[in-house]
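One chain comes next, on its own, written out as structure tokens in the form predicted alone.
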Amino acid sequence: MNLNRLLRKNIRRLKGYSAEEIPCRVKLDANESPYGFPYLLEGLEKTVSTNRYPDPEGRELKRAAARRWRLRPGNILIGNGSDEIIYYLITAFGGPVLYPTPTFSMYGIISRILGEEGIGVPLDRSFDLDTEGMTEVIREARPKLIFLSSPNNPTGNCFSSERIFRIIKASRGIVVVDEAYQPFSSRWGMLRLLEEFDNLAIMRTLSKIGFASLRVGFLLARKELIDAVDRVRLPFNVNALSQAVAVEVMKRYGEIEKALRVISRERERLYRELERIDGVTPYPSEANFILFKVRGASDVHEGLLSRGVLVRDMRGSVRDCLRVTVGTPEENRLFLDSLREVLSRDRRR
């Protein structure tokens, strides 16, 4: 049987998202928090019934999230991670789908999976939005969805608020601001503007703040938009254990914020240390990772891995660049020591 012949045409040449697990001593490639909160699991066996389906609407979690973000439960849709929410948005509204590049690859991948056109517009030299290029595409292609990740992955910077506003005002489609990394940013997000713009939606997630294993994401928008996306949501899409832990996260967010402050301080220290290393150019970051340029990035990546330190090779998105997640102080020290060793070895050759 020729499976390739049976595949849909848009899937035959599609390369899916790669999340390969590579053995290492220090894992700094996936933008995960180095800090977990296992004590939040205590006592949940008394509240989670393994023989019953989870609450299909996630009502308690919506109420907790609504209190946290000062919204109504009807303004919130819960997803099995942000990926599922992106999938639902494109399923519900279709394309074309517009996004800057480089950015989170799933905007383009899910567009292609669903047979919709994905249009990427390169960022400018300062990694900010090219509003002229994007508004031109808006006029010509009339995208139904625009995804803006701010802070952006992999560049780490926040886009200019003024440029985001210009794109929201120029678009007749829905502008989704993905704020996965907003908890690490010194800037306010777009949450307070939901009432001002009826075509604005915001995504948030628990994955970056210490709960990647839960796979809990949120879509925040006007109720009409939430109701429209809810039509394509799969039943029981978020499991009961994830819902229960996420409720505790919302109730005890102050404890999580302490770890976020530690990560942000370590990010600034890590950035300063990278600046001092000859041949390395780090880019300012408002996220929990730092993109840095280095000569011979491929060899440096392999050299780090040979020392047990895994970072992300971003050469496919940004020339000569690697991305390092901010770890614990000890993990960051091991990364910096290993990086200096690799570069020193290369200079001696």
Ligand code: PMP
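Residues carry their position along the shown sequence, with the first being 1. Just so it is clear, the structure is predicted and the values come from calculations on it, not from any experiment.
Keep in mind that the form predicted together with the named molecule is not shown, yet the notes after this line are about it.
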Heavy atom to heavy atom, is residue 181 within 4.5 Å of the named molecule in the predicted complex? yes
Report whether the minimum heavy atom distance between residue 271 and the named molecule in the predicted complex is within 4.5 Å. no
According to a 4.5 angstroms non-hydrogen atom cut-off, is residue 163 in contact with the named molecule in the predicted complex? no
With a 4.5 Å heavy atom cut-off, would you call residue 107 a contact of the named molecule in the predicted complex? yes
With a 4.5 Å heavy atom cut-off to the named molecule in the predicted complex, the contacting stretch among 173 to 181, 250 to 258, 119 to 127, 91 to 99 is 173 to 181
Answer option from 210, 189, 73, 81, heavy atom within 4.5 Å of the named molecule in the predicted complex: 81
Neighbours of the named molecule in the predicted complex among 138 to 166 [non-hydrogen atom within 4.5 angstroms]: 149, 153
